[in-house]
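For reference, the chain that follows is the form predicted alone, supplied as structure tokens.
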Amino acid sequence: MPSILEELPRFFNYYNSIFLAKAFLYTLVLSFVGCGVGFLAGFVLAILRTRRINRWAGLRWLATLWVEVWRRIPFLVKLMVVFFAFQFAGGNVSMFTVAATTIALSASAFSAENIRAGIESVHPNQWDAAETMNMGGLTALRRVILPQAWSVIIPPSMTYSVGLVKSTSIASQIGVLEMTSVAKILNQKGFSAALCFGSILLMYFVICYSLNRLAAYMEVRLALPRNR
């Protein structure tokens, strides 16, 4: 402990602090871009899997196949698949794009399943009532079903988003300069592993705890019509 306290001023100098701050922002942007795009894609997939909206069995089958395949592949394998897919296609993209695409693909599959479960948790009579009022499938989904389904959709979706934030550390395997990668670099420069990885532990906690608080707020706000 005395040696760590003695090392603190050198570790948190100006350049290291900027390096850690950039890694924090990089991880934050990577997580939000990947999860945001993935959630939107998952919403589309969930709609395609909803029989009340999509009457085409072929599209429902393809959407289900996409979800089942991407949910069962480990994140590191997905990362390598996306990386080599870009290489094979001749796309000259940054490692940030590769990592964000992997997160989005993973989030799309899990979000689609969470949204589907939320939609199906609403009693079918709600769909019937909406149809008797001449509402189309998408209108019924927006005005009747989703307000009742958010309380089922949000908790598992945000829990998985927190897991994806932590999975961004695996992106260091392809050279993405996120927090785990920066901690390794600083450790290789001779700084204590306790300081390097303890610092990113606190930064991961800040991101994940903030997401949990956001999830609790959104659950209350979006589920308010149902509570009434």
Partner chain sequence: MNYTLQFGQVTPYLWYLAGGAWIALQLAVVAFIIGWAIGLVCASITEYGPKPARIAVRSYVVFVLNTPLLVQIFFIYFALPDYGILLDSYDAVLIGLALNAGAYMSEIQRAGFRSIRREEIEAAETLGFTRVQSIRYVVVPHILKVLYPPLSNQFIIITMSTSIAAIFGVEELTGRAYNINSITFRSLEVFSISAVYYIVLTIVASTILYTVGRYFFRIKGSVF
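In this text, rigid core is short for the largest set of C-alphas that superpose within 1.5 Å between two forms. Note that the coordinates shown come from a computational prediction; the quantities given were computed from them, not determined experimentally. Numbering follows the first chain given and starts at 1.
Just so it is clear, the following notes concern the form predicted together with its partner chain, a form of the same protein that is not shown.
**Student:** Is Tyr204 close enough to its partner chain in the predicted bound form to count, meaning some heavy atom within 4.5 Å?
**Tutor:** Result yes; Tyr204 sits at the interface with its partner chain in the predicted bound form.
**Student:** Check Arg60 for me: does it contact its partner chain in the predicted bound form (non-hydrogen atoms, 4.5 angstroms)?
**Tutor:** Because no heavy atom of Arg60 falls inside 4.5 Å of its partner chain in the predicted bound form, the answer is no.
**Student:** Just checking whether Gly175 would be counted as a contact of its partner chain in the predicted bound form - the rule being heavy atoms within 4.5 angstroms.
**Tutor:** Gly175: no, not in contact with its partner chain in the predicted bound form.
**Student:** Any chance Ile170 has a heavy atom within 4.5 Å of its partner chain in the predicted bound form?
**Tutor:** Answer yes; at least one heavy atom of Ile170 falls within 4.5 Å of its partner chain in the predicted bound form.
**Student:** Each of Glu6, Phe19 and Phe24 having a non-hydrogen atom within 4.5 Å of its partner chain in the predicted bound form: is that the case here?
**Tutor:** The answer is no; none of Glu6, Phe19 and Phe24 reaches its partner chain.
**Student:** For 188-211: residues with a non-hydrogen atom within 4.5 angstroms of its partner chain in the predicted bound form?
**Tutor:** Ser192, Ala193, Ala194, Phe197, Gly198, Ile200, Leu201, Leu202, Tyr204, Phe205, Cys208, Tyr209 sit within 4.5 Å of the partner.
**Student:** Using a superposition on the rigid core, decide whether the Cα position of Arg213 changes by 2 angstroms or more between this form and the one not shown.
**Tutor:** Yes.
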